[in-house]
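Look below for two forms of one protein chain, each set out as structure tokens: first structure 1, then structure 2.
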Structure 1
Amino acid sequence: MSDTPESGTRSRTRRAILGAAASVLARDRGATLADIAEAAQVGRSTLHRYFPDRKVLVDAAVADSFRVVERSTAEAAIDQGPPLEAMRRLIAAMVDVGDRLAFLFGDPRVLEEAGCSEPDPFEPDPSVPTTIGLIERGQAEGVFDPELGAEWIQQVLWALVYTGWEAAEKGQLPRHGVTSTVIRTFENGVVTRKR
């Protein structure tokens, strides 16, 4: 239980590896540990020194990305204000951490059950506002389509953010336009409607 605070150098190296892992694996699952080490500008030995084996690394990267996404989405304060506004803030926050999200999105285990603002399949902390909560609130207020399941809407949210990130990644969409495009699509779909 007496965890030495870890030197500044070490924690910096650790973060570099975790970030590289998320980034590389987001673009290519099945990437090699050597690939990740290279992206982190670190020797393969060093990587193994911090993370004994692949599983440990991926687990840590998942947990880390969760924290990053959580931090970002927490700032969106999705339990505050009108659901529509809150959702827009949430989408912006998600796009901001697109690569982390893409990584999590691509991981089979995480993909299973996806509560966005809660740490994994742990028991949901009632004090932390969830995406599902926001969606249900919006449905209750008649803002979000009540005929669609809340989980479905959440899946769509993830899918659209991911698609936006991917489009930007491929240069099909300008970085700065992703958020507004995703929001517009998420809210209205693709069909033109009067008012």
Structure 2
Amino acid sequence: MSDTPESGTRSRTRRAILGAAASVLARDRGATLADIAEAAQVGRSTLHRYFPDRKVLVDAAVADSFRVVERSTAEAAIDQGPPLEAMRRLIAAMVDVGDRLAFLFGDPRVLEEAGCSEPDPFEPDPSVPTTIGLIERGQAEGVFDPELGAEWIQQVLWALVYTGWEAAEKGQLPRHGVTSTVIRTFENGVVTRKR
């Protein structure tokens, strides 16, 4: 008899727990392991079999969240097509993993407690194009303002994505409207231009 079905089940359960941990902790940093188990739809004893304590769970959720964000970025194929189209795909991808981003960057203590002294403790896959690379390509092609630093543009982008996620959480913006609102704000800023 093969272990594959059990391995598949174990893998799904682990992913469910990690996803629930990121989602619950993004909303409530003080959430209990029982809260996370409930969100993952597993018993507390099951959660403890996978993650014996909160620190182990949070550390695993940090590493998993970086992988999820990286995979989402890779799937957005930001190195393909015109920079503005690639940026729109990236924004949509980032909004889709908003819980993970809010978990990772909504509170700097998450990364500090996970033993991360740098903003990016996850060793990125060098084959995955970077947001900075996309911005620099867009600047070289005259799409993004070359007088702004690429790091600045990236930080503004992350702030907009986080603000969109937060607005949806507070009921100020429907979830289905976050991506288009972030794209519109990123592309147009907030100044009405006279035509």
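Think of the rigid core as the biggest set of C-alphas that the two forms share within 1.5 Å after superposition. Each residue is numbered by where it sits in the sequence of structure 1, with counting from 1. Note that the structure is a prediction, hence the values are computed from the model and not measured.
*Asks:* Please identify the form predicted on its own: structure 1 or structure 2?
*Replies:* Form predicted on its own: structure 2.
*Asks:* Is Ile17 one of the residues whose C-alpha moves 2 Å or more between structure 1 and structure 2 after the core fit?
*Replies:* The answer is yes; the displacement is at least 2 Å.
*Asks:* Core-aligned, does Asp59 move its Cα 2 Å or more between structure 1 and structure 2?
*Replies:* Yes, because once the rigid core is superposed, the C-alpha of Asp59 moves 2 Å or more between structure 1 and structure 2.
*Asks:* At a 2 Å cut-off on C-alpha positions, does Tyr50 qualify as shifted between structure 1 and structure 2 after fitting the rigid core?
*Replies:* Shift at Tyr50: 2 Å or more after core fit.
*Asks:* Could you tell me the distance the CA of Gly30 travels between structure 1 and structure 2 after a rigid core superposition, in angstrom?
*Replies:* Its C-alpha shift, to one decimal, is 4.6 Å.
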